[in-house]
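Single chain ahead, written as structure tokens, the form predicted alone.
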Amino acid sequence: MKRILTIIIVFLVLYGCNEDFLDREPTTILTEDVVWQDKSLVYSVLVDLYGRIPVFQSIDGDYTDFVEMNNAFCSQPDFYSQFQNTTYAYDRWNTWNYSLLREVNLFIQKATEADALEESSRKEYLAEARFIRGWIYFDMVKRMGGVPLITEPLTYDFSGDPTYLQYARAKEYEVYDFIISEMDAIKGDLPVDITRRGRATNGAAIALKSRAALYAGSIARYGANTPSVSLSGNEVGIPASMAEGYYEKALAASKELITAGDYALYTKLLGTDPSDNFAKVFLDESNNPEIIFAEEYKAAAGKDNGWVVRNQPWSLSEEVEGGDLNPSLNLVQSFEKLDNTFEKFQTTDADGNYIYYDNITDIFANRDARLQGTVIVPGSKFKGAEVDIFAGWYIKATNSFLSGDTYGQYKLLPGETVETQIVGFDGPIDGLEFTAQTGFYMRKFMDVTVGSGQRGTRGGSDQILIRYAEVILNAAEAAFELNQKDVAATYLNMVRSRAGFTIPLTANDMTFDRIVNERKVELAFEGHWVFDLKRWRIAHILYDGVKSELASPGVITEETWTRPFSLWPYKVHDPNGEMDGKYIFREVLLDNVTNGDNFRMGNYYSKISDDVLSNNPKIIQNPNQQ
């Protein structure tokens, strides 16, 4: 009922009552005049706008967003084409969200005129609406480049001449400048309140400024490496001379938030288990100092998400589904060893012989704690029970493998008369839905509350959209680009210390590759990776369409990452031998991964749709779209 009332209010406020088609005052619905005199009703309109802000890699959205760039494979057959026809379409990541922008502009107009509201409330609501508008513009500029900057609600006058509604694209840096200036203008009208997650705050405005300035700085700096990705009017591309200024703004905004001390890294479970602590960052909604801005879910109130339903381990599922997203070996091996070195998982020795591990988890030991806070690896637990991930048996005597084609299948091992389970209930089984086909399941965002994995109730955990660790990484990257490598190392060490690293990085350790990898592992599946690769102008290098082998971890631009790989564990059958019951591992390329990702120059900025171009001749197309 509350949802219905909200819809009625939004409709009336944003669309209605400009025409005198009603002769009598309605008695069963709220009029526009009534709404704009009541603080709680205006807030209802604002809540509706918050509920529609764009979120890339939404935990209740399209899983295509998560499997791009090969940080994950999807076990659902509907997604296999993502790994077979792998040239990204030019309109991938396209958006043109002016319907929502118009509603926000209309809200700002009406709230500005709402004299009946208390001034303090009116200022705060206006600031929140401007934050939402800045968020929408950021989402558009990172996908499309410069877009028309429209800050008032446009209305067609039915004159037959729409030209006054036709705005040209702004320069790309003008959109970033707009966002930065808006966040500066509104931050003082927003509260400093770390308990407020789903609404704009002083901290959220500063953090969005930090993010926007960092994007603009890197496009200015690294855009020089892709000169064809530009337009003569700077609708796409930012002059290199502006890079330093943007990095300075990104660093200053990040420092402002860091030195204020209102937010902090989440450490409640750090002394118990650093991996559990990292997983809890995304689940603990009680006085969590790391959350700056989030999309709120309340399952009991009807706003829920299907993340757990779709990703829970098959053997522990509350439904007849799960295991959709399988993190790739490419991502998993990007988590460093605790001595600050990168290393592929050791599966064979120098002579090509398998390496035997006593326990299935041993191969993952002494790695960055964020690994097992992000990914469910073989042998780890979910909801207190161990996941059942093993691909089969390695028959040592014949150097052969025995496996199955369905969940937890039983067969006879050589020389035995009683059948044995020869594959895990969670797989991995190539081509079998719900299993951990890469050898891994998702842990990030996985709510362990009973019912979160049921279709009837689904999950209610919030999705963090801005968190404190990102701000620290923004500061580190900006400092690095300003050649303040000692400062950059200090910021990276703040984040890495929580992940279990005890050897601090120094200025000499700071490289572009290290900055990139740190964001890759800390912010995995949080909506950053695709657009980070774009702003650094390295996506076309890493995803060149050629079928690649598994790249070396920590090496960013010297090898390509066009295909996702898997790591499969096997139990060892060696009766009466010393290796019996141990484990070996194999790197595997799944049968449904048949082609290498091909990111073209035209993918840096998405194709503007034909209907937009035909409706407005002032809009020019993005470069490299043919």
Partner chain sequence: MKKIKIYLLVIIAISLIFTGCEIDNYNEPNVFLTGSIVYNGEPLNLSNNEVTLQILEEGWELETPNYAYVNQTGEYSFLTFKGSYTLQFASGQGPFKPNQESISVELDGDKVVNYEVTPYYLVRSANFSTSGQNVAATFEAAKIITDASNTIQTVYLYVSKTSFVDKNTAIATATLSGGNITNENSISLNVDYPTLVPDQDYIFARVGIKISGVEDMIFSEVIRLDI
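Not measured: the values here are computed from a predicted model. Numbering follows the first chain given and starts at 1.
Omitted from view is the form predicted in complex with the partner chain, to which the following refers.
Chemist: So in the predicted complex, does M601 come within 4.5 Å of the partner chain, heavy atom to heavy atom?
Modeler: Yes, M601 sits close enough to the partner chain in the predicted complex that at least one of its heavy atoms falls within 4.5 Å.
Chemist: Going by a heavy atom distance of 4.5 Å, is Y90 a contact of the partner chain in the predicted complex?
Modeler: Output for Y90 is yes: heavy atoms within 4.5 Å of the partner chain.
Chemist: Mark T259 yes when one of its heavy atoms lies within 4.5 Å of a heavy atom of the partner chain in the predicted complex, and no otherwise.
Modeler: No, T259 is distant from the partner.
Chemist: Looking in the predicted complex, any heavy atom of G223 within 4.5 Å of the partner chain?
Modeler: No, G223 is distant from the partner.
Chemist: Ok, G500, P148, G306, G545: which has a heavy atom sitting within 4.5 Å of the partner chain in the predicted complex?
Modeler: Checked against the cut-off, the match is G545.
Chemist: In terms of non-hydrogen atoms within 4.5 angstroms, which of the given stretches 518 to 526, 382 to 390, 537 to 545, 455 to 463 touches the partner chain in the predicted complex?
Modeler: Of the stretches listed, the one contacting the partner is 537 to 545.
Chemist: Given a 4.5 Å distance limit between heavy atoms, list every residue of 66 to 86 close to the partner chain in the predicted complex, or none if there are none.
Modeler: Only a single residue, T86, comes within 4.5 Å of the partner.
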